[in-house]
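So this first bit is one chain, no partners, the form predicted on its own, shown in structure tokens.
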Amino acid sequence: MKATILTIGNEILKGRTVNTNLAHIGRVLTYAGYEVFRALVVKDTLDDISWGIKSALSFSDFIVTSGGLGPTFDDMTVESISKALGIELEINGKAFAELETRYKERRLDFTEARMKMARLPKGADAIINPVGSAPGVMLRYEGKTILMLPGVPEEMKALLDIVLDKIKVPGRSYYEETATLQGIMESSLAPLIIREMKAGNGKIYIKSHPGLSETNERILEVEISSSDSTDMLAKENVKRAMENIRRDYRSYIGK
């Protein structure tokens, strides 16, 4: 199952905000059994968000958006996606009741701007936000799924946790391990990486991350990951390759 993450916000594109949401969502989706295929970042405009969702749908089974669900004028993710897909907006009963109750409890008026957060695509599921106001949105479209999450990191994480069991890919498990080698160049490890990936028959992926220690000695982190039908098989795939690396390069480990 291919997944794409669509992050929305001018503040990300101009560098004011670091896109930590992308990192978190990508990590969660990977462990949930998805191949995170691509990530897109677009501005807070109807045209850009529409382009982003149409593009993502063309090469993904599952799309997660982050940002643009609030009450302000530039929160236009729901509206943009609805227009792009030709789905009308309607007052979602679940979202409306939750928002109305919250604002009444705070003795605040349920204004038009606040009611905007209850207008969701027809047929969509509202995901009640336990941290903030704007609900998340789960929308099925032509056999694919779109999950819309808020941009505030705490809210995004909370809603993603709520739906995690529903979005996990059946029969797919992910596992990874990392080994740290010291005093070795990345190019020296390249032949072994090629060998082990071929031996893994497409079920393992090895990535090396070069760096320097505090004493300017070369450090190479070797990450081995696997996606397979069960937790046990994924773990066995990684352990097998990791044992070979530790055996062949044992003099560089733990120096």
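Residue indices: 1-based, along the sequence shown. All figures in this text were calculated on a predicted structure; none of them were measured in a lab.
One more form of this protein exists, namely the form predicted together with a further copy of the same chain; it is left out here, but the text below deals with it.
Interface residue remark: His209 is counted as part of the site for a further copy of the same chain in the predicted complex, having a heavy atom within 4.5 Å. a further copy of the same chain in the predicted complex is approached by Thr178, whose closest heavy atom lies within 4.5 angstroms of it.
a further copy of the same chain is not drawn, but in the predicted complex it has a heavy atom within 4.5 Å of Val42. By the criterion of a heavy atom within 4.5 Å, Gly26 is counted among the residues contacting a further copy of the same chain in the predicted complex. With the partner omitted here, the stretch from 93-101, 78-86, 137-145, 106-114 that lies within 4.5 Å of a further copy of the same chain by heavy atoms in the predicted complex is 106-114.
Heavy atoms closer than or equal to 4.5 Å to a further copy of the same chain in the predicted complex belong, across 121-138, to the residues Val131, Gly132, ordered by sequence position.
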